[in-house]
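Single chain ahead, written as structure tokens, the form predicted on its own.
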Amino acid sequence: MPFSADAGGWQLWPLLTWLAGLAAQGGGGPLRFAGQTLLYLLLAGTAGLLCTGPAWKKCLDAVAVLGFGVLCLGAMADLVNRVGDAAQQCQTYLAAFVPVFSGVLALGGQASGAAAYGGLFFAVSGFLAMGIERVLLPVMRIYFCFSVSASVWGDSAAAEAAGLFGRCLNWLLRGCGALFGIVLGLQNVLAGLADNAAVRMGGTALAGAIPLVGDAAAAALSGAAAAVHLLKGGLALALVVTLCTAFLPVFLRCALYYLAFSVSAIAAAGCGQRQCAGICRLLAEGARLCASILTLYFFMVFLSTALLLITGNGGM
């Protein structure tokens, strides 16, 4: 990162430069792909106009849609690989971050929150990362191949089935996000309430047991809790910055691929390439599904960390 890790030392220009670098990292491939598809469709449309005879035109259209399908599958394979790499990179970082953050939570009097963060949250994040790599992404590859095959062969029923599958998978991801959010949110809220009650009871008991020394010890305990709370905020900020560094370029790539496929679908329909337009519409839905997978993972990590900061104030 081109700026200080301390949020107070950040400046506008280095931050904008960093964001521009992330945008360039995520946007180069989709923009190049959009140029390639538009040029390909223009050449295919021009060749179709110059071609004489229905047999030759049909043969040319078949070759054009096959080449277009290969071009699109290569782009989507690259997108799926980047989504898997981003999830794996985040999980590797969490394997080092969670024990440190849990230790700071326990030091600040959030023993229940530390157990929840290092237990259920880490297990769910690992399960989701493994599910993305071993289940969701292979299913997405099958969806892409099935979408291209349905459009190449002109099977409207298969194309509708592919579209229905994409919508069902999208709703499934939303349902998983809601379920994970409710479970992790409830556990973090309950753990935060328990920790705050324990810290307050400990401070009250200490002040009542030894009136003079107990008051000073309780005040020192509150000051230490405030310092630990600032440390937690710094660690949480580092996690959010790391997540943004890993996910923003890939999420931007998904959004640009969705835009590129949408524009290509319009161009293909204008050039008379109906099958190519069908490929673009189905793969645009696939790019949106990849973005939904990233959103689900980011939402789960961010929500669990943010709730620990909101609900766990160390009894202050």
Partner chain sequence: MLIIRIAVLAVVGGVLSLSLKKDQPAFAFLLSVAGTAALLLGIAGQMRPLLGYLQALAGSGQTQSIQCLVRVLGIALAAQFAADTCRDAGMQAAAAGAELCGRVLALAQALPLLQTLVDTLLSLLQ
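Quick caveat: nothing in here was measured; it's all calculated off a predicted structure. Positions refer to the first chain, counted from 1.
The form predicted together with its partner chain is left out here; the points below concern that form.
Taking the partner from elsewhere, Gly74 is found to have a heavy atom lying within 4.5 Å of its partner chain in the predicted bound form. The closest heavy atom approach of Phe144 to its partner chain in the predicted bound form falls within 4.5 Å. Using a 4.5 Å cutoff between non-hydrogen atoms, Tyr40 counts as a contact of its partner chain in the predicted bound form. Val152 belongs to the set of residues with a heavy atom inside 4.5 Å of its partner chain in the predicted bound form. Exactly one listed residue, out of Leu60, Ala269, Leu31, Leu259, brings a non-hydrogen atom to within 4.5 Å of its partner chain in the predicted bound form: Leu60. Site annotation in the predicted bound form: the residue of Ala44, Ala265, Ala284, Leu252 reaching within 4.5 Å of its partner chain with a heavy atom is Ala44.
The stretch among 136-144, 119-127, 236-244, 83-91 whose residues place heavy atoms within 4.5 Å of its partner chain in the predicted bound form is 136-144.
Here the marked residues Ser102, Ile182 and Ile293 all miss its partner chain in the predicted bound form; none has a heavy atom within 4.5 angstroms.
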